[in-house]
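There is one chain below, alone, in structure tokens, taken in the form predicted on its own.
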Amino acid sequence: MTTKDGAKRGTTRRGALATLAGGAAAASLPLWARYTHAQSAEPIRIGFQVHRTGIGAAYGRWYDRTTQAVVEKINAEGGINGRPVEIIAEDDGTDPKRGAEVVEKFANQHGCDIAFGTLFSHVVIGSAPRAGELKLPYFVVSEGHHVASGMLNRYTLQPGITDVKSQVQAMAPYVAGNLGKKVTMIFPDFAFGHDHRDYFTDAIEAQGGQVLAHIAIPPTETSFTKYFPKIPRDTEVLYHVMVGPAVLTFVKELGEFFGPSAPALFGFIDSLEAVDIASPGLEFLEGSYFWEGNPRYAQSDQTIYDKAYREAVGVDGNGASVSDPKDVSTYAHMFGCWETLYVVKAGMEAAGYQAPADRGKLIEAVEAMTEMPEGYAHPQGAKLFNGKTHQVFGHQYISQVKDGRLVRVHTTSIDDGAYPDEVDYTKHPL
């Protein structure tokens, strides 16, 4: 990572190899010896707000596995500022009210240094105000545009995963140029889906396209066939992004409704996260396209960083658990937990973080970051952090289903997803 004054922070490609070797050496030492140089023997306590239950449970399970894996690696490398990292997890039920209560527990009951991990946008929006009031740094792994839009506060940051506005802006030229310009959108009826509705509509219109219909579906819906007759007959591209436990039902019913006469399909992989593409009834997806935040299947040009990351989190080349091929990961999103905690590590070390009194210094240190090179700390790809908006920008991937696998066919540039600043959090008080 690079600060705005040009000083290097965190991992470079060459430094990553040295860090990995150093981590192996540190791991050979007894625990007490790894942290003897720290000013405090107390662990860095990270409150992990995890969706163990509710509609985000599949994501929560893999966010948890990824978080445990990256903390194990960071601790093997000597921790943060010579102190071990401890994860304190609380289930928020994928519920905004409960999310705010969890944030308060982290600050007042558990004595956490920061809070981390939230995915679903309505939970972030419900929790972030309390984090700001408590002056508890809140590192979310969400994708919603709520951080960069300016609706939250200086204590809320999204430095490990890109947001929907950036994603759809980068995708729209490919959709318009290769699939069609008359689009119908199907999306969940809450903040995340509304971001897709608003920002993709603008993005496709900028490409000379048109959204013929917006079809919003309650996120707790269990059957979808009744919504499909609303799709206009002259639709050229059906844009779908669904979340929750009924996503397999959604894509199966979509195939049953259209049969062989479906328009071109462009989906966000959210519609198939944690779902095996080889599941019976999904054969109609052959040839269709998906956005992926991180390609589920190991590609022919797989990097050493993706290989090491897969091994660490226990995911095979098909994107499933190495211990159970039917347990499919949320690979397109969970890398954000890995990368965010490495940002936290770099920020705390740049700030000389020792105690909650240094939380403001941590925020300022992260705001000073800019370039995040691809490496062991950032296996999804290089990124650029905007300290004013608290949002990271990175590469997006378009994959096509070929022979029952997702094969990457297009990679966007970081600039493809850039947009003008809508806020400057650095001007907000700490």
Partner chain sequence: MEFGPHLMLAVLEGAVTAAVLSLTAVGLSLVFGVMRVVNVAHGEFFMLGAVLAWWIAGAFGGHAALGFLAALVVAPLAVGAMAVLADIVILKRIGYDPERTIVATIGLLYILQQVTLMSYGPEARPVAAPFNTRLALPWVEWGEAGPALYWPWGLSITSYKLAVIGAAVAVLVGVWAVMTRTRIGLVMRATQLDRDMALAFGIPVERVYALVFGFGAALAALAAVLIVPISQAHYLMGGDPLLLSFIVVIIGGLGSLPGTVVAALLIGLSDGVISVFFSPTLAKILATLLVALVLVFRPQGLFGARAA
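Numbering follows the first chain given and starts at 1. All values reported here derive from a predicted model rather than from experimental measurement.
There is also a form predicted in complex with the partner chain; it is not shown, and the following applies to it.
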None of Thr53, Thr370, Gln400, Gln68 but one has a heavy atom within 4.5 Å of the partner chain in the model of the complex; the exception is Thr53
Between Glu205, Glu72, Glu286, Glu256, only one gets a heavy atom within 4.5 angstroms of the partner chain in the model of the complex; which residue is that? Glu256
For the chain shown here without its partner, which stretch in 313-321, 174-182, 76-84, 247-255 has non-hydrogen atoms within 4.5 angstroms of the partner chain in the model of the complex? 247-255
So, in the model of the complex, is Ile304 in contact with the partner chain at a 4.5 angstroms heavy atom limit? no
Does Ile217 reach the partner chain in the model of the complex if we count a contact as any heavy atom within 4.5 Å? yes
Taking 4.5 angstroms as the cut-off for heavy atoms, does Leu384 touch the partner chain in the model of the complex? no
My question is simply whether Ser300 lines the interface with the partner chain in the model of the complex - judged by any non-hydrogen atom within 4.5 Å. no
Out of 324-363, which residues reach within 4.5 Å of the partner chain in the model of the complex, heavy atoms considered? Lys326, Asp327
